[in-house]
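A single chain comes next, written as C-alpha cells; it is the form predicted on its own.
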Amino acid sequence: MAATAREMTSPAAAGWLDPFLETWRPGTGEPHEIREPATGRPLLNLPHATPDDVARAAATAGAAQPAWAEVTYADRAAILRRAAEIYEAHRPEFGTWTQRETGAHRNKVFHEQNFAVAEIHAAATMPYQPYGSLVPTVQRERMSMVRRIPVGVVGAITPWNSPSVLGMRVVAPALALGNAVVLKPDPQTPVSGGAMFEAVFREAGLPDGLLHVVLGGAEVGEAIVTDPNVNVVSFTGSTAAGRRVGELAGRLLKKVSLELGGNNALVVLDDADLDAAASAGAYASFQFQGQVCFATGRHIVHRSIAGDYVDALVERAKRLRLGDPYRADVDLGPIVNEKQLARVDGIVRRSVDGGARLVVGGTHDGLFYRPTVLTDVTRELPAWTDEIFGPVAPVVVFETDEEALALANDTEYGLAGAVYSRSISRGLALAQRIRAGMVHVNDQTVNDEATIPFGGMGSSGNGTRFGGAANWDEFTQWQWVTVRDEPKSFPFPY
C-alpha cells in the first residue's frame, strides 16, 4: 500500500499538504503508483487524466482568464507575494517530497527551492512594469499606442528533474501577466511538480479556474498541445519529445516555447586554475547524478594538463558516496528509473567498445550509477555525440584555442558552455564564440537565475527563453490601439 501523506512529511512541516492530497484528483483515468527511485517504496496512487479531462480544464481556464486579466496589477502581485510566503513556510515538507520523488541530494533541493521562490518574487514585480508605449503615426489627429496583452491559456509540460523550478518559471510569470495555466508535470513528480503548485496558489487566493494540474503521459501532453483553448505551449524536456510538440503546435499555428536538451562543453585552457577547473567539472557532471539539461557533458582539456585534470576528476569521483539522500548522509542519489539507467549505461558501454578508456566508474548497484570518467573519447562515440543525462564525464584533449572552439561547437545542441582560464580576455574571447545560449568564464555550466533569459540554440530549443524580460515575450502578445477624438469618415466609393 502506498504511503499516506502523513507518512511522507517531515516533522517540521506537520503535513500541510495532507488535507489537499486526500481529495486531490489530477484526472479521472486509471490510478498509477508512484515509487521512490532510491528505495522502490510506494508513495502514492493517483489517477491520470484523460483527453476529456484536459479539454474540461482548458475550457474552464479559458472562461476564467478574461476576468483575471482585468484584475488590478496590485491585486495580482499581492497573490504572487502570498504564494511566495506560503511556499517558504512549507519548504521542509516540499523538500521531502522532492527528495523522495526525484532522489535529489538535500543541497540540490535547497538550491531548487531558492530558485522557485526567486521565480515567484520576480514574477510579482511584473504587473507593476510598463506594458506598452506610444508610437508615432502619420495621422496627426490620432493617438497611436502598442501594448502587451495576455496570450490567454498557457499549456505547460514540465519534466521530473527540477520540478518546482521548471514549473514555477512558467506558472508564476504566466499568472502574473494575466493568463491562466494548464500544467502537466511528469508522472514521476506529481506532488513536487503539480499538487504543490495547486495547493500553494489556492491558499494564496488565486481565483478558481486559473490553474489546473493534469497528470499523465504523452497522450495527455498531446491533448494539451492540440486543445483549441490552449493558446501557447511551454515545453521543457528531451529534444526528441520537443520535436513532436513543435510539430503538433506548428500544424495548428500555435506559439510554442521549447527548452530542450544539451551536450554542454567545459573548456579548460592550459593556463587554467587546475584545481578550480576540476572541482567545477566534477560538480557540473556528477551533481544530481548529471540529470540536468545544463550539466557538463564534454570536458575539453588542453593536452599539457589533461593528465593532471583527469587525475583530479577521478579523485573526486572516487570520494562521492552513493545512497538514499533522504535517509543517509550521501553525495549522490539514484538514477530516476530503469529506462534512464539503461540509457546511461548503454552510452558508456558503446563508447568503451568503440575505443574510449574507462578510468573510473561505469558500474551500478540497482539505480545507483557510480560517477564515471572516460578518456580517449573520439567525436563519433555516443559519449561525445549524445546527451548522457547521467554522472559521466567524457574527456577530450586539444592543442590550440581554435581547436578547442571547434570541439566545443561540434554538437547539434547549444544550451550552455564554460571556459576556465587565468586570462579573462583569453577566456572571454573564446566564450563569445561558443554557440550556446549561456556561457560562463571561470565558472561551470550549471547556472540559472530568475532574472536572466534561460534557453539555448540549435537542438536545445527554438530560440525561446524563460526568465527576466523574456517572460514578456513568452506570455504576452502585442496589440496596436489607436484613438481619435472625432470619428473619421471616408469618401467611399470614390
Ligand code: NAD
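A residue's number is simply how far along the shown sequence it sits, counting from 1. Predicted model only: the values in this text are computed from it and were never measured.
This next part talks about the form predicted together with nicotinamide-adenine-dinucleotide, which is not shown.
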{"property": "Contact segment among 279 to 287, 257 to 265, 365 to 373, 79 to 87, judged by heavy atoms lying within 4.5 Å of nicotinamide-adenine-dinucleotide in the model of the complex", "result": "257 to 265"}
{"property": "The single option of K318, H121, R350, R244 touching nicotinamide-adenine-dinucleotide in the model of the complex, heavy atom within 4.5 Å", "result": "R244"}
{"property": "Heavy atom within 4.5 Å of nicotinamide-adenine-dinucleotide in the model of the complex - the one residue of F197, Y420, W97, F235 that qualifies", "result": "F235"}
{"property": "G390: touches nicotinamide-adenine-dinucleotide in the model of the complex, heavy atom cutoff 4.5 angstroms", "result": "no"}
{"property": "4.5 Å heavy atom contact, L313 and nicotinamide-adenine-dinucleotide in the model of the complex", "result": "no"}
{"property": "Heavy atom of K184 within 4.5 Å of nicotinamide-adenine-dinucleotide in the model of the complex", "result": "yes"}
{"property": "Interface membership of Y309, nicotinamide-adenine-dinucleotide in the model of the complex, 4.5 Å heavy atom rule", "result": "no"}
{"property": "Within 4.5 Å of nicotinamide-adenine-dinucleotide in the model of the complex, all of A57, T102 and G193 (non-hydrogen atom)", "result": "no"}
{"property": "Stretch 142 to 167 - residues with a heavy atom within 4.5 Å of nicotinamide-adenine-dinucleotide in the model of the complex", "result": "I157, T158, P159, W160, N161, L166"}
